[in-house]
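Below you'll find only one chain, the form predicted alone, shown as structure tokens.
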Amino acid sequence: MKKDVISLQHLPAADIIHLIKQAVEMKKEPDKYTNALSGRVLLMLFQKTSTRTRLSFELGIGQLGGRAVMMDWQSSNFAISPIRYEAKYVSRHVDLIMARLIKHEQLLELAAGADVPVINGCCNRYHPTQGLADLLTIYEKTGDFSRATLAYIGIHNNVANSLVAGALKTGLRLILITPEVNPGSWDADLMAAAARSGLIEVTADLQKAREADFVYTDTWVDMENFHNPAYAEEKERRLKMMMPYQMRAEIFAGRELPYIMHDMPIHPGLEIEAGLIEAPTSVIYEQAENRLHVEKSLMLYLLS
């Protein structure tokens, strides 16, 4: 039976730990895995813009001996046909599909129609590959999730969901400082599990970030809406409402700066103060690089 990775909550906890530890090994000794996926083909299907997802998956499959085929949603027939038919067809030519789509429902339809594993490269509900990279970054600094506390400041969105799911699987303590929920992102079952766990706290108190070893923020406006004229009024409302929740150094006055995290792309002066982006404790670029290593681990897990 094929395995899909649509969200982290559907991966067994032991498998997530395996993926993280395998990624550490692959990062240290990449040459050992040069031919691990020799001859395998990855289809990368994009409906959303991308920098890290495109670069990391394309380089990753190549470093494992396979190759990637890039396909734009709007210039393919996925845009004009029921998704399941196109998914069934492409499955005859490729071994794995990574899809970066806007709507979670489309991602589910793609996975249901495909005969090969499907990786969610981001949708409005979840961002599991980012969540895995975040966990890898925390693991590299601590070696023990149960001893770390992560605070996420911002909109409750797909990244927040993936952090929740990752925390539930690894024992990481998570503080969600989220005064607003992104429409389409809320997962009631996931958040009910979070409430039962005792690991996850939801608050609007920015000072709770002072308790964390790692502090994380993300864009307040989804990338597909950032320059959308039809979204301008909502964008203005959201930016005004969220400015008090900007990640800034003064929050941590009197203590050492925590590790600073951001999944990129960054909007300095909005969700994060510019001076924190390259602060001595910033792990933002390590976090971004780790997308490559953990995605290589994930592809090997799905195809080996």
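Position 1 is the first residue in the sequence shown; the rest follow in order. Values in this document were obtained by computation on a predicted structure and should not be read as measured data.
As for the form predicted together with a small molecule, it is not shown, yet the points below apply to it.
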Counting only non-hydrogen atoms, choose the one of 61 to 69, 256 to 264, 238 to 246, 23 to 31 that falls within 4.5 Å of the small molecule in the model of the complex.
256 to 264
All of 125, 156 and 221 with a heavy atom within 4.5 Å of the small molecule in the model of the complex
no
Residue 40: heavy atom within 4.5 Å of the small molecule in the model of the complex?
no
Verify the contact flag for residue 293: yes if a non-hydrogen atom of it lies within 4.5 Å of a non-hydrogen atom of the small molecule in the model of the complex, no if not.
no
Quick one: does residue 47 come within 4.5 Å of the small molecule in the model of the complex, counting heavy atoms only?
no
Given that the small molecule is not shown alongside this chain, does residue 130 nevertheless sit within 4.5 Å of it in the model of the complex, heavy atom to heavy atom?
yes
